[in-house]
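The data below hold one chain only, encoded as C-alpha coordinates and taken in the form predicted alone.
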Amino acid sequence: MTATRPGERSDALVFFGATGDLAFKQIFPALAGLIRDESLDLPIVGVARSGDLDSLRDRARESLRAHGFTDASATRVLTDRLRYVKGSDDDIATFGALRRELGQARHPLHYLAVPPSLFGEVVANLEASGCAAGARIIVEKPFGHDLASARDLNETIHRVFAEPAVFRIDHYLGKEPVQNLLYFRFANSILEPVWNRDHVASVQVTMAEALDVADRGAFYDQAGAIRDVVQNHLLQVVSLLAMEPPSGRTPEAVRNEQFKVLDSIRPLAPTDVVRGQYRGYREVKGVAAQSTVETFAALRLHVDTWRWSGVPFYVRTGKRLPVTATEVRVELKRPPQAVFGELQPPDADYFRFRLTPDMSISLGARAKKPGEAMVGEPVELFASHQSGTERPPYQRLIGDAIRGDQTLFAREDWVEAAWRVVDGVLDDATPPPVYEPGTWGPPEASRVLLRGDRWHEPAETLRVEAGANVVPRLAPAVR
(Lines give C-alpha, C1' and ligand atoms only; values in the text may rest on other atoms or scores of the structure.)
Protein backbone atom coordinates (compact mmCIF):
# COMPACT_ATOMS: atom_id res chain seq x y z
CA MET A 1 0.00 0.00 0.00
CA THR A 2 1.37 3.39 -0.97
CA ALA A 3 2.64 5.84 1.59
CA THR A 4 0.73 9.11 1.75
CA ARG A 5 1.91 12.59 2.47
CA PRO A 6 -0.93 14.92 3.47
CA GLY A 7 -0.23 18.45 2.30
CA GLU A 8 2.69 17.58 -0.01
CA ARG A 9 2.30 18.67 -3.63
CA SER A 10 2.17 16.13 -6.39
CA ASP A 11 5.01 16.44 -8.88
CA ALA A 12 3.25 15.05 -12.00
CA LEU A 13 -0.29 14.55 -13.24
CA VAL A 14 -1.37 11.49 -15.20
CA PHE A 15 -4.85 11.20 -16.67
CA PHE A 16 -6.17 7.95 -18.06
CA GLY A 17 -8.86 8.22 -20.73
CA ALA A 18 -7.06 11.19 -22.27
CA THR A 19 -9.06 11.05 -25.52
CA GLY A 20 -12.45 10.70 -23.80
CA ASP A 21 -15.32 13.10 -23.23
CA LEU A 22 -14.39 13.91 -19.62
CA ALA A 23 -10.91 15.05 -20.64
CA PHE A 24 -12.37 17.17 -23.45
CA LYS A 25 -15.18 18.73 -21.41
CA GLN A 26 -13.50 19.19 -18.03
CA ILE A 27 -9.86 18.19 -17.61
CA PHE A 28 -8.22 20.23 -20.39
CA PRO A 29 -10.08 23.46 -19.45
CA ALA A 30 -9.31 22.88 -15.76
CA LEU A 31 -5.59 22.37 -16.40
CA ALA A 32 -5.39 25.44 -18.63
CA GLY A 33 -7.15 27.45 -15.91
CA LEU A 34 -4.68 26.23 -13.30
CA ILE A 35 -1.77 27.22 -15.53
CA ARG A 36 -3.26 30.68 -16.08
CA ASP A 37 -4.34 31.34 -12.48
CA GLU A 38 -1.83 29.37 -10.37
CA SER A 39 1.17 28.88 -12.68
CA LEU A 40 0.80 25.09 -12.60
CA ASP A 41 4.15 23.68 -13.63
CA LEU A 42 3.75 19.88 -13.49
CA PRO A 43 4.47 17.38 -16.26
CA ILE A 44 1.09 16.25 -17.63
CA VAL A 45 0.86 12.75 -19.09
CA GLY A 46 -2.16 11.49 -21.03
CA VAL A 47 -2.81 7.76 -21.39
CA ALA A 48 -5.19 6.37 -24.00
CA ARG A 49 -5.62 3.50 -26.45
CA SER A 50 -5.28 5.49 -29.67
CA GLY A 51 -3.63 8.55 -31.15
CA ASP A 52 -0.27 10.17 -30.48
CA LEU A 53 1.16 13.26 -28.80
CA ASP A 54 0.36 15.57 -31.71
CA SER A 55 -3.28 14.45 -31.84
CA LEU A 56 -3.58 14.88 -28.06
CA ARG A 57 -2.25 18.43 -28.30
CA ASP A 58 -4.70 19.15 -31.13
CA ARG A 59 -7.56 17.80 -29.01
CA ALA A 60 -6.49 19.98 -26.07
CA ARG A 61 -6.54 23.09 -28.30
CA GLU A 62 -9.94 22.09 -29.70
CA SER A 63 -11.29 21.61 -26.16
CA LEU A 64 -10.12 25.06 -25.06
CA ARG A 65 -11.59 26.73 -28.15
CA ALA A 66 -14.91 24.94 -27.59
CA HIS A 67 -15.02 26.23 -24.00
CA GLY A 68 -14.14 29.83 -24.86
CA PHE A 69 -10.67 29.73 -23.30
CA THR A 70 -8.74 32.59 -24.93
CA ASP A 71 -5.46 32.80 -23.00
CA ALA A 72 -2.92 31.97 -25.71
CA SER A 73 -0.01 31.79 -23.27
CA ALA A 74 -1.71 29.26 -20.98
CA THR A 75 -2.79 27.23 -24.01
CA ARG A 76 0.77 27.09 -25.27
CA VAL A 77 2.15 26.09 -21.85
CA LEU A 78 -0.44 23.32 -21.53
CA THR A 79 0.30 21.81 -24.93
CA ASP A 80 4.06 22.09 -24.32
CA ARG A 81 3.73 20.23 -21.02
CA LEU A 82 1.63 17.41 -22.42
CA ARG A 83 3.18 13.96 -22.73
CA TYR A 84 1.53 10.84 -24.14
CA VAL A 85 1.56 7.11 -23.48
CA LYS A 86 -0.38 4.93 -25.90
CA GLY A 87 -1.70 1.64 -24.54
CA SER A 88 -4.47 -0.19 -22.76
CA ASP A 89 -5.47 -0.40 -19.12
CA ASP A 90 -4.86 -4.16 -18.94
CA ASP A 91 -1.38 -4.14 -20.51
CA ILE A 92 1.47 -3.97 -18.00
CA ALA A 93 3.79 -2.75 -20.77
CA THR A 94 1.71 0.45 -20.95
CA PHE A 95 2.41 1.13 -17.30
CA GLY A 96 6.10 0.41 -17.73
CA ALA A 97 6.15 3.08 -20.44
CA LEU A 98 4.27 5.40 -18.09
CA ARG A 99 6.87 4.93 -15.36
CA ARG A 100 9.61 5.83 -17.83
CA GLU A 101 7.68 8.89 -19.04
CA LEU A 102 7.30 10.09 -15.42
CA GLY A 103 11.07 10.29 -15.17
CA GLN A 104 12.14 11.79 -11.85
CA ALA A 105 8.58 12.26 -10.58
CA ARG A 106 8.07 10.37 -7.32
CA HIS A 107 4.69 11.68 -6.16
CA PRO A 108 2.42 11.53 -9.21
CA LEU A 109 -1.32 12.15 -9.12
CA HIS A 110 -3.18 9.61 -11.26
CA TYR A 111 -6.60 10.71 -12.53
CA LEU A 112 -8.71 7.67 -13.45
CA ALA A 113 -11.07 9.28 -15.98
CA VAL A 114 -12.29 5.80 -16.96
CA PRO A 115 -15.35 3.70 -16.00
CA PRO A 116 -15.30 2.28 -12.45
CA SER A 117 -15.25 -1.23 -13.92
CA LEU A 118 -11.64 -0.55 -15.00
CA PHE A 119 -10.41 0.79 -11.66
CA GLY A 120 -9.24 -2.63 -10.48
CA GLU A 121 -7.03 -3.27 -13.50
CA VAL A 122 -5.56 0.23 -13.50
CA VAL A 123 -4.82 0.20 -9.76
CA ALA A 124 -3.19 -3.25 -9.93
CA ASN A 125 -1.00 -2.25 -12.87
CA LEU A 126 -0.01 1.02 -11.22
CA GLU A 127 1.30 -1.02 -8.30
CA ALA A 128 3.02 -3.66 -10.44
CA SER A 129 4.85 -1.02 -12.50
CA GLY A 130 5.98 1.07 -9.53
CA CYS A 131 3.77 4.00 -10.57
CA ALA A 132 1.71 3.74 -7.37
CA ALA A 133 4.63 4.26 -5.00
CA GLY A 134 4.23 7.62 -3.28
CA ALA A 135 1.26 8.44 -5.51
CA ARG A 136 -2.33 9.63 -5.16
CA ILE A 137 -5.34 8.83 -7.31
CA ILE A 138 -8.48 10.70 -8.34
CA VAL A 139 -11.51 8.56 -9.12
CA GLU A 140 -14.74 9.80 -10.71
CA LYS A 141 -18.28 9.17 -9.57
CA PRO A 142 -20.31 7.01 -9.62
CA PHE A 143 -18.66 5.30 -6.66
CA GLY A 144 -20.53 2.06 -7.15
CA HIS A 145 -24.20 1.55 -7.96
CA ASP A 146 -25.35 0.41 -4.51
CA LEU A 147 -23.93 -0.17 -1.04
CA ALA A 148 -22.38 -3.57 -1.81
CA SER A 149 -20.65 -2.39 -4.99
CA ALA A 150 -19.37 0.76 -3.24
CA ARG A 151 -17.78 -1.40 -0.56
CA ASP A 152 -16.23 -3.66 -3.20
CA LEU A 153 -14.87 -0.65 -5.08
CA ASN A 154 -13.34 0.84 -1.95
CA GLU A 155 -11.77 -2.51 -1.08
CA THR A 156 -10.26 -2.77 -4.57
CA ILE A 157 -8.70 0.70 -4.33
CA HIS A 158 -7.45 0.18 -0.78
CA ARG A 159 -5.43 -2.88 -1.77
CA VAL A 160 -2.96 -0.39 -3.21
CA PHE A 161 -3.85 3.12 -2.02
CA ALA A 162 -4.51 4.13 1.58
CA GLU A 163 -7.58 6.32 2.15
CA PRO A 164 -5.57 9.59 2.55
CA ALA A 165 -4.25 9.04 -0.99
CA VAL A 166 -7.71 8.60 -2.55
CA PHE A 167 -9.59 11.62 -3.96
CA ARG A 168 -13.18 10.79 -4.98
CA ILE A 169 -14.11 13.70 -7.20
CA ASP A 170 -17.64 14.99 -7.49
CA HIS A 171 -17.83 18.37 -9.21
CA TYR A 172 -20.87 19.39 -7.17
CA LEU A 173 -18.80 19.91 -4.02
CA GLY A 174 -16.51 22.22 -6.00
CA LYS A 175 -19.29 24.58 -7.02
CA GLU A 176 -19.03 28.08 -5.55
CA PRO A 177 -22.70 28.21 -4.39
CA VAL A 178 -22.32 24.94 -2.49
CA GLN A 179 -19.21 26.31 -0.80
CA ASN A 180 -21.10 29.49 0.00
CA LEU A 181 -23.75 27.43 1.77
CA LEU A 182 -21.11 26.02 4.11
CA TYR A 183 -19.51 29.43 4.58
CA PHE A 184 -22.74 31.27 5.31
CA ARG A 185 -23.74 28.73 7.91
CA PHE A 186 -20.60 29.01 10.01
CA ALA A 187 -19.26 32.49 9.26
CA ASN A 188 -22.34 34.19 10.72
CA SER A 189 -24.00 34.07 14.12
CA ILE A 190 -27.54 34.88 12.98
CA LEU A 191 -28.45 31.30 12.07
CA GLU A 192 -27.29 29.32 15.07
CA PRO A 193 -30.03 30.40 17.54
CA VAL A 194 -32.78 29.21 15.18
CA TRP A 195 -30.99 26.41 13.32
CA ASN A 196 -32.62 23.54 15.22
CA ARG A 197 -35.85 21.62 15.78
CA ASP A 198 -37.20 24.25 18.17
CA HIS A 199 -37.50 26.85 15.39
CA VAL A 200 -37.29 25.00 12.05
CA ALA A 201 -40.49 23.40 10.77
CA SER A 202 -39.06 21.74 7.65
CA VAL A 203 -36.15 21.79 5.20
CA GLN A 204 -36.77 21.47 1.47
CA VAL A 205 -34.16 20.84 -1.24
CA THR A 206 -35.24 20.99 -4.89
CA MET A 207 -32.99 20.22 -7.85
CA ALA A 208 -35.07 20.79 -10.99
CA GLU A 209 -33.94 20.28 -14.57
CA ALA A 210 -35.94 21.40 -17.58
CA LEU A 211 -33.85 19.24 -19.91
CA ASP A 212 -34.51 15.61 -20.74
CA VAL A 213 -31.91 12.84 -20.54
CA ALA A 214 -30.70 13.78 -24.06
CA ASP A 215 -28.02 11.37 -25.31
CA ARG A 216 -27.51 9.77 -21.88
CA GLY A 217 -30.42 7.33 -22.27
CA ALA A 218 -28.38 4.13 -21.96
CA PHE A 219 -26.53 5.41 -18.88
CA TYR A 220 -29.58 6.96 -17.26
CA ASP A 221 -31.65 3.81 -17.67
CA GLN A 222 -29.08 1.99 -15.53
CA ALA A 223 -29.10 4.74 -12.92
CA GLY A 224 -32.23 6.83 -12.45
CA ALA A 225 -32.71 10.02 -10.49
CA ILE A 226 -31.89 8.57 -7.06
CA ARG A 227 -28.53 7.16 -8.14
CA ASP A 228 -27.73 10.05 -10.46
CA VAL A 229 -28.14 13.01 -8.10
CA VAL A 230 -29.84 12.10 -4.80
CA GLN A 231 -27.23 9.69 -3.43
CA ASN A 232 -24.42 12.17 -4.08
CA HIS A 233 -25.29 15.82 -4.87
CA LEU A 234 -28.44 16.23 -2.81
CA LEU A 235 -27.25 14.26 0.21
CA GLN A 236 -24.13 16.42 0.14
CA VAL A 237 -26.33 19.51 0.39
CA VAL A 238 -28.31 17.93 3.23
CA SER A 239 -25.11 17.12 5.10
CA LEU A 240 -23.93 20.75 4.81
CA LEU A 241 -27.28 22.03 6.03
CA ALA A 242 -27.58 19.67 8.99
CA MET A 243 -23.95 19.26 10.14
CA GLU A 244 -22.61 20.53 13.44
CA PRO A 245 -19.85 23.17 13.48
CA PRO A 246 -16.49 21.56 12.62
CA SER A 247 -14.17 21.14 15.58
CA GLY A 248 -11.14 22.52 13.76
CA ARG A 249 -9.82 23.87 10.48
CA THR A 250 -8.52 20.64 9.02
CA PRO A 251 -10.21 18.92 6.05
CA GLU A 252 -11.14 16.03 8.31
CA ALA A 253 -12.99 18.31 10.73
CA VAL A 254 -15.55 19.23 8.07
CA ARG A 255 -15.77 15.72 6.64
CA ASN A 256 -16.26 14.20 10.08
CA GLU A 257 -19.35 16.32 10.66
CA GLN A 258 -20.74 15.59 7.20
CA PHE A 259 -20.37 11.87 7.83
CA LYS A 260 -22.17 12.12 11.17
CA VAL A 261 -25.20 13.61 9.41
CA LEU A 262 -25.34 10.82 6.84
CA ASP A 263 -24.83 8.23 9.54
CA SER A 264 -27.82 9.63 11.45
CA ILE A 265 -30.31 9.52 8.55
CA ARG A 266 -32.72 6.59 8.65
CA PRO A 267 -32.56 4.28 5.63
CA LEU A 268 -35.35 5.21 3.25
CA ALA A 269 -38.52 3.12 3.33
CA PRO A 270 -40.91 2.84 0.36
CA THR A 271 -43.35 5.15 2.15
CA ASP A 272 -40.66 7.87 2.20
CA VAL A 273 -40.31 7.96 -1.59
CA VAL A 274 -42.44 8.82 -4.62
CA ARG A 275 -40.95 8.13 -8.03
CA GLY A 276 -42.07 9.42 -11.43
CA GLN A 277 -41.20 9.15 -15.11
CA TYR A 278 -41.79 11.88 -17.69
CA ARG A 279 -43.95 11.04 -20.68
CA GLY A 280 -41.76 10.19 -23.64
CA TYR A 281 -38.79 8.88 -21.62
CA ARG A 282 -39.23 5.35 -22.98
CA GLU A 283 -38.82 6.64 -26.53
CA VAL A 284 -35.31 7.95 -25.81
CA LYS A 285 -32.49 6.04 -27.53
CA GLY A 286 -30.92 3.54 -25.15
CA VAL A 287 -33.94 3.36 -22.81
CA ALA A 288 -35.76 0.04 -22.42
CA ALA A 289 -39.21 -0.07 -23.98
CA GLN A 290 -40.81 -1.01 -20.64
CA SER A 291 -38.38 0.88 -18.40
CA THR A 292 -39.44 1.48 -14.79
CA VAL A 293 -36.49 3.79 -14.06
CA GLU A 294 -37.44 7.03 -12.37
CA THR A 295 -36.69 10.43 -13.89
CA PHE A 296 -38.25 12.12 -10.84
CA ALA A 297 -37.97 11.39 -7.14
CA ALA A 298 -39.46 13.03 -4.05
CA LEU A 299 -38.21 11.87 -0.66
CA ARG A 300 -38.72 12.54 3.02
CA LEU A 301 -35.58 12.12 5.11
CA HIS A 302 -35.46 11.65 8.88
CA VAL A 303 -32.28 13.08 10.47
CA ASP A 304 -32.16 11.45 13.88
CA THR A 305 -29.94 13.86 15.77
CA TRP A 306 -30.55 15.98 18.86
CA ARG A 307 -30.65 19.13 16.69
CA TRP A 308 -32.97 17.83 13.95
CA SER A 309 -35.15 15.11 15.47
CA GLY A 310 -38.71 15.46 14.16
CA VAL A 311 -37.83 17.98 11.40
CA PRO A 312 -38.66 16.56 7.95
CA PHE A 313 -36.07 17.05 5.21
CA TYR A 314 -37.82 16.97 1.84
CA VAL A 315 -35.72 16.29 -1.25
CA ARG A 316 -37.04 16.53 -4.80
CA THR A 317 -35.37 16.21 -8.19
CA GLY A 318 -36.45 15.50 -11.73
CA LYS A 319 -35.98 15.87 -15.46
CA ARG A 320 -38.36 17.79 -17.75
CA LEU A 321 -39.58 20.03 -14.95
CA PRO A 322 -40.65 23.64 -15.64
CA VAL A 323 -37.28 25.24 -14.82
CA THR A 324 -33.63 24.42 -14.24
CA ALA A 325 -32.81 25.55 -10.72
CA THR A 326 -31.56 24.24 -7.39
CA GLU A 327 -32.81 25.76 -4.16
CA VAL A 328 -32.87 25.10 -0.44
CA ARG A 329 -35.77 26.45 1.62
CA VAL A 330 -35.56 26.27 5.40
CA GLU A 331 -39.02 27.05 6.74
CA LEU A 332 -39.32 28.36 10.30
CA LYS A 333 -42.17 27.66 12.65
CA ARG A 334 -45.06 30.12 12.68
CA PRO A 335 -45.61 32.50 15.59
CA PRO A 336 -47.65 30.87 18.36
CA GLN A 337 -50.54 33.34 17.93
CA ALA A 338 -51.99 35.32 15.02
CA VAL A 339 -51.73 38.70 16.73
CA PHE A 340 -53.13 40.64 13.78
CA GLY A 341 -55.91 38.20 12.97
CA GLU A 342 -55.42 38.00 9.21
CA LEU A 343 -57.98 35.66 7.64
CA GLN A 344 -55.57 33.68 5.48
CA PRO A 345 -52.81 31.95 7.44
CA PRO A 346 -49.58 33.43 6.03
CA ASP A 347 -46.53 31.44 5.02
CA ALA A 348 -43.98 31.10 7.76
CA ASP A 349 -40.68 32.97 7.67
CA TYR A 350 -37.91 31.16 5.82
CA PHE A 351 -34.34 31.19 4.59
CA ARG A 352 -33.84 30.42 0.92
CA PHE A 353 -30.47 29.47 -0.57
CA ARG A 354 -30.36 29.62 -4.35
CA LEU A 355 -27.57 27.38 -5.71
CA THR A 356 -28.23 27.34 -9.48
CA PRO A 357 -28.43 28.85 -12.02
CA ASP A 358 -27.81 32.06 -10.05
CA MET A 359 -26.55 32.29 -6.49
CA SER A 360 -28.44 34.14 -3.78
CA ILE A 361 -29.51 34.07 -0.15
CA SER A 362 -32.92 35.33 0.97
CA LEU A 363 -34.80 35.85 4.19
CA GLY A 364 -38.55 35.62 3.72
CA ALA A 365 -40.75 37.45 6.21
CA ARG A 366 -43.88 39.61 6.36
CA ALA A 367 -44.25 43.39 6.33
CA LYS A 368 -47.28 45.60 6.72
CA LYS A 369 -48.97 46.81 3.57
CA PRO A 370 -49.32 50.61 3.30
CA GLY A 371 -52.65 51.81 4.61
CA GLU A 372 -54.78 51.88 7.73
CA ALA A 373 -55.44 48.15 8.05
CA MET A 374 -53.00 45.93 9.94
CA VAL A 375 -52.62 43.57 7.00
CA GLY A 376 -49.31 42.22 5.79
CA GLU A 377 -47.68 40.80 2.67
CA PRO A 378 -44.73 38.47 2.11
CA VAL A 379 -41.39 40.13 1.34
CA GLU A 380 -37.80 38.99 0.95
CA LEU A 381 -34.50 40.45 2.00
CA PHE A 382 -32.42 39.33 -0.93
CA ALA A 383 -28.64 39.17 -1.46
CA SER A 384 -27.24 38.03 -4.80
CA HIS A 385 -23.68 37.37 -5.93
CA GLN A 386 -23.03 38.49 -9.48
CA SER A 387 -19.25 38.66 -9.76
CA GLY A 388 -18.87 35.91 -12.36
CA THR A 389 -15.28 35.28 -11.23
CA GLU A 390 -15.77 31.90 -9.56
CA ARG A 391 -13.35 29.13 -10.42
CA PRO A 392 -14.93 26.23 -12.35
CA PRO A 393 -15.44 23.18 -10.09
CA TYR A 394 -12.94 20.90 -11.83
CA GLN A 395 -10.24 23.56 -11.73
CA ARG A 396 -10.79 23.98 -8.00
CA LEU A 397 -10.86 20.24 -7.30
CA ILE A 398 -7.89 19.20 -9.42
CA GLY A 399 -5.86 22.00 -7.86
CA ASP A 400 -6.85 20.82 -4.38
CA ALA A 401 -5.89 17.23 -5.21
CA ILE A 402 -2.46 18.36 -6.45
CA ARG A 403 -1.97 20.13 -3.09
CA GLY A 404 -3.25 17.12 -1.16
CA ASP A 405 -6.28 18.98 0.24
CA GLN A 406 -9.17 16.52 0.66
CA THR A 407 -11.75 18.96 2.07
CA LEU A 408 -14.00 18.85 -1.02
CA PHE A 409 -13.66 15.15 -1.75
CA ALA A 410 -15.92 12.34 -0.59
CA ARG A 411 -14.47 10.09 2.09
CA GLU A 412 -14.98 6.32 2.07
CA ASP A 413 -17.33 6.28 5.07
CA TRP A 414 -19.43 9.17 3.64
CA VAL A 415 -19.91 7.33 0.34
CA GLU A 416 -20.99 4.14 2.06
CA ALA A 417 -23.28 5.99 4.48
CA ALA A 418 -24.98 7.77 1.55
CA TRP A 419 -25.58 4.46 -0.21
CA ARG A 420 -26.97 3.01 3.01
CA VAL A 421 -29.61 5.77 3.09
CA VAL A 422 -30.96 4.98 -0.41
CA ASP A 423 -30.07 1.30 -0.75
CA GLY A 424 -33.48 -0.03 0.27
CA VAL A 425 -35.40 1.88 -2.44
CA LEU A 426 -33.12 1.26 -5.42
CA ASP A 427 -34.20 -0.88 -8.38
CA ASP A 428 -37.91 -0.65 -7.63
CA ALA A 429 -39.56 -2.54 -10.50
CA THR A 430 -42.96 -0.95 -9.88
CA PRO A 431 -43.90 1.24 -12.88
CA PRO A 432 -43.65 4.84 -11.64
CA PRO A 433 -46.51 7.27 -12.31
CA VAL A 434 -46.10 9.23 -15.53
CA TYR A 435 -45.96 13.03 -15.44
CA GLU A 436 -46.25 15.49 -18.27
CA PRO A 437 -43.08 17.32 -19.38
CA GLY A 438 -43.07 20.86 -18.09
CA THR A 439 -44.92 20.02 -14.88
CA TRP A 440 -43.60 19.59 -11.34
CA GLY A 441 -43.73 15.81 -11.43
CA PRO A 442 -46.57 13.46 -10.54
CA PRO A 443 -49.25 14.68 -8.12
CA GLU A 444 -48.39 11.70 -5.93
CA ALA A 445 -45.24 13.59 -4.82
CA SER A 446 -47.35 15.29 -2.17
CA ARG A 447 -47.62 11.96 -0.33
CA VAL A 448 -44.17 12.40 1.21
CA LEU A 449 -45.18 15.71 2.79
CA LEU A 450 -46.42 15.82 6.33
CA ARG A 451 -49.74 17.48 7.07
CA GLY A 452 -49.68 21.21 6.44
CA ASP A 453 -46.49 21.19 4.35
CA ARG A 454 -46.37 21.91 0.62
CA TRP A 455 -43.79 21.98 -2.14
CA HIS A 456 -42.30 25.36 -3.05
CA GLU A 457 -41.38 25.71 -6.72
CA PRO A 458 -38.20 27.63 -7.60
CA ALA A 459 -38.55 30.42 -10.14
CA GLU A 460 -36.51 30.26 -13.33
CA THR A 461 -34.30 33.16 -12.33
CA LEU A 462 -33.95 35.44 -9.32
CA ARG A 463 -30.95 37.41 -10.47
CA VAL A 464 -30.98 41.10 -9.65
CA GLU A 465 -29.54 43.18 -12.47
CA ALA A 466 -27.12 45.62 -10.85
CA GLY A 467 -23.44 46.41 -10.82
CA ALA A 468 -22.68 45.50 -7.23
CA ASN A 469 -21.50 42.04 -6.23
CA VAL A 470 -24.04 41.80 -3.43
CA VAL A 471 -27.42 43.43 -3.84
CA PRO A 472 -29.75 43.69 -0.84
CA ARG A 473 -33.37 44.48 -1.53
CA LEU A 474 -36.84 44.26 -0.06
CA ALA A 475 -39.13 42.74 -2.68
CA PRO A 476 -42.26 40.65 -3.07
CA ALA A 477 -41.49 37.13 -1.96
CA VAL A 478 -41.30 34.18 -4.32
CA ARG A 479 -44.18 31.90 -3.44
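Predicted, not measured: the structure shown is a model, and the values here were computed from it. Numbers follow the displayed sequence, beginning with 1.
Just so you know, the form predicted in complex with 6-O-phosphono-beta-D-glucopyranose exists too; it's not on screen, but the next bit is about it.
Contact with 6-O-phosphono-beta-D-glucopyranose in the predicted complex, defined as a heavy atom within 4.5 Å, is made by none of 195, 327 and 352. With 6-O-phosphono-beta-D-glucopyranose left out of view, the stretch that reaches within 4.5 Å of it through heavy atoms in the predicted complex is, among 287 to 295, 224 to 232, 333 to 341, 370 to 378, 224 to 232. The partner is absent here, but in the predicted complex a heavy atom of 171, alone among 171, 86, 366, 403, sits within 4.5 Å of 6-O-phosphono-beta-D-glucopyranose. The contact with 6-O-phosphono-beta-D-glucopyranose in the predicted complex, taken as any heavy atom within 4.5 Å, belongs to 319 out of 319, 396, 255, 300. Not displayed here, 6-O-phosphono-beta-D-glucopyranose is kept clear of residue 107 by more than 4.5 Å at the level of heavy atoms in the predicted complex. Looking at residue 216, you'd find a heavy atom of it within 4.5 angstroms of 6-O-phosphono-beta-D-glucopyranose in the predicted complex.
Shown alone here, residue 145 lies farther than 4.5 Å from 6-O-phosphono-beta-D-glucopyranose in the predicted complex, counting heavy atoms only. For residue 207, a non-hydrogen atom is located within 4.5 Å of 6-O-phosphono-beta-D-glucopyranose in the predicted complex, even though that partner is not displayed.
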